[in-house]
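Below you will find one chain, with nothing else, as structure tokens; this is the form predicted on its own, and questions on how it binds or moves follow later.
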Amino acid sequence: MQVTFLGTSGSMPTPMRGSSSVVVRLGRELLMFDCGEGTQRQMVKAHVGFQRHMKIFISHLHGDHVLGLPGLLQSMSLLRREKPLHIYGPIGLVQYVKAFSESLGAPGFPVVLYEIRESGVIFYSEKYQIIAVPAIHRVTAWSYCFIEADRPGRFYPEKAKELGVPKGELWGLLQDGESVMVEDRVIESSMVSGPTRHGRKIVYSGDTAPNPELVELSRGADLLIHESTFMDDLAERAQEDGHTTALQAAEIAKEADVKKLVLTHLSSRYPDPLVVLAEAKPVFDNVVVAEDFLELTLELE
């Protein structure tokens, strides 16, 4: 599983930072969180394909988080995309997509829109689920949590051989966590596998002031991607605008006991990311400040 930061700026992009967008690559599937202006260009530079099975999760309808959608949909249409694209976001998403589609032309492929009306699980499959909770911002906004389903433990072929399980289909079933019959004996997956491997968990804050509900959702996360628009000398301004400081984000990560914190959505007043990092690191050590095209790999335990 790979996480790529396509855009890491606050409301104003800079020469080094594009507007907000993060993608999670799950095999051939792509999950995108926010789609700021120019996201399709960033995808090209990051070698993120336009033809993958894809879902987009929009945190809120401010331009720096959503103005990339018209260009992205047009690029996909030009490339003759056929696969459906699923987009989730706050109330108003349907009206927004309808408005630019009427002006620019409708996408040449199915676009399925979901307006979130209450917190909870907004997508569920056997592989993963997505949970949304309200963010604390100037407009209706959502924070998102990706939770991967647990995986069977590591398969040990030598144990399967010792128990007389022939290589082939039965090994595959055992690797999937199922039991098999061998000469009237039941062979449990646990007899040839290690402990269950917990699925990975990624939290994306979007724009928000410090939020106790998000702290609870983030507990034990492998990766917390949290906005840090301001530094702590502007904490009062951050609260007024519905944002978080780097220090506050570090305190959230510490309270939620996450494994790694990535700070993003930096104001253009902070061209040196080391200044932002210096404020957060004394509170939470495993923290980095995102740069455009930062790539992180999350391995299974």
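Note that this is a predicted model, so its numbers are computed, not measured. Numbering starts at 1 and runs along the sequence shown.
The same protein has a further form, the form predicted in complex with another copy of the chain, not shown here; the description that follows concerns it.
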message: To verify the annotation, which of these, 41, 52, 254, 259, has a non-hydrogen atom within 4.5 Å of another copy of the chain in the predicted complex?
response: 41
task: Name the residue from 149, 104, 113, 191 that puts a heavy atom within 4.5 Å of another copy of the chain in the predicted complex.
output: 104
query: Of these, 24-32, 242-250, 269-277, 63-71, which stretch puts a heavy atom within 4.5 angstroms of another copy of the chain in the predicted complex?
result: 63-71
task: Indicate whether the candidate residues 134, 207 and 218 are all in contact with another copy of the chain in the predicted complex, with contact defined as any heavy atom within 4.5 Å.
output: no
- prompt: Would residue 282 count as a contact of another copy of the chain in the predicted complex, using a 4.5 angstroms cut-off between non-hydrogen atoms?
  reply: no
field: 4.5 Å heavy atom contact, residue 196 to another copy of the chain in the predicted complex
entry: no
message: Residue-level question: is residue 99 within 4.5 Å of another copy of the chain in the predicted complex, judged on heavy atoms?
response: yes
task: Verify the contact flag for residue 95: yes if a non-hydrogen atom of it lies within 4.5 Å of a non-hydrogen atom of another copy of the chain in the predicted complex, no if not.
output: yes
task: Determine the residues of 1-22 with a heavy atom within 4.5 Å of another copy of the chain in the predicted complex and present them in sequence order; the list may be empty.
output: 11, 12, 13, 14, 15, 16, 17, 18
